[in-house]
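Single chain ahead, written as structure tokens, the form predicted alone.
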Amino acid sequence: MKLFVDTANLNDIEQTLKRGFVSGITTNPSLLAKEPKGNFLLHAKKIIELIRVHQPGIHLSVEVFSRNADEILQQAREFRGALGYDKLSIKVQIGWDELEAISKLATDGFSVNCTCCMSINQAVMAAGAGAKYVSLFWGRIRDGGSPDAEKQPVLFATKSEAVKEGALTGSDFDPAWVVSETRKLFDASYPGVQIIAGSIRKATDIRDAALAGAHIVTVPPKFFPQMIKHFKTDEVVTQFLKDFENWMK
């Protein structure tokens, strides 16, 4: 299992890359919207500069800003031409029209990260269209099974209607089940496609997604300090240093 950092903040990216444990960076429009307004491509170039300084050659995913297939193709070509980074993946959200764009991009040699996937069916369709990475949204899959999901207008107006239509079952709101079953299908039919678990809400989600079979977990930087800390580690290290200090007296 590999870790990616999920952010567009340049300081967070640099602090993470300095520590050398991540294998990639993912961004999305919402993450970019948290940063000072500016030129998207210029911001992406700054991310690439940090990669080249600290961890040359790691993965970078940048996302298109359209649901129109022609616009997606145009943006992807612009990104690739302007950024000139070999390990670049273009993030394209899952959708009927978007599958056409994914297929064309894959044929043209793009590495595609199909994002916003919430179900096994979506993941399989994305892989079949040519995506190299499929991002399953762990936290949002779980959200779909909550009582609040009944209040949200979606394609099938509520979770219960989606189940009634035969589009989903109760298991489809268990992210561990969705990831593990998708991994089985990918291993059998699309062994070159990797699952990215995103929408991480707590540090234990990272562990659980990895154990469920995600090849990659993309993590908001705020969780890395939680991952590295353990109260027993602090206790032992403090004792070691104290014992050595006493011995040196």
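From 1 onward, residues are counted along the sequence shown. Please read these numbers as outputs of a predicted model, since none were measured by experiment.
Just so it is clear, the following notes concern the form predicted in complex with a small molecule, a form of the same protein that is not shown.
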{"item": "Candidate stretches 177 to 185, 206 to 214, 26 to 34, 64 to 72 - the one whose heavy atoms come within 4.5 Å of the small molecule in the model of the complex", "value": "26 to 34"}
{"item": "Residue among 164, 87, 77, 140 with a heavy atom within 4.5 Å of the small molecule in the model of the complex", "value": "140"}
{"item": "Residue 199 within 4.5 Å of the small molecule in the model of the complex, heavy atoms", "value": "yes"}
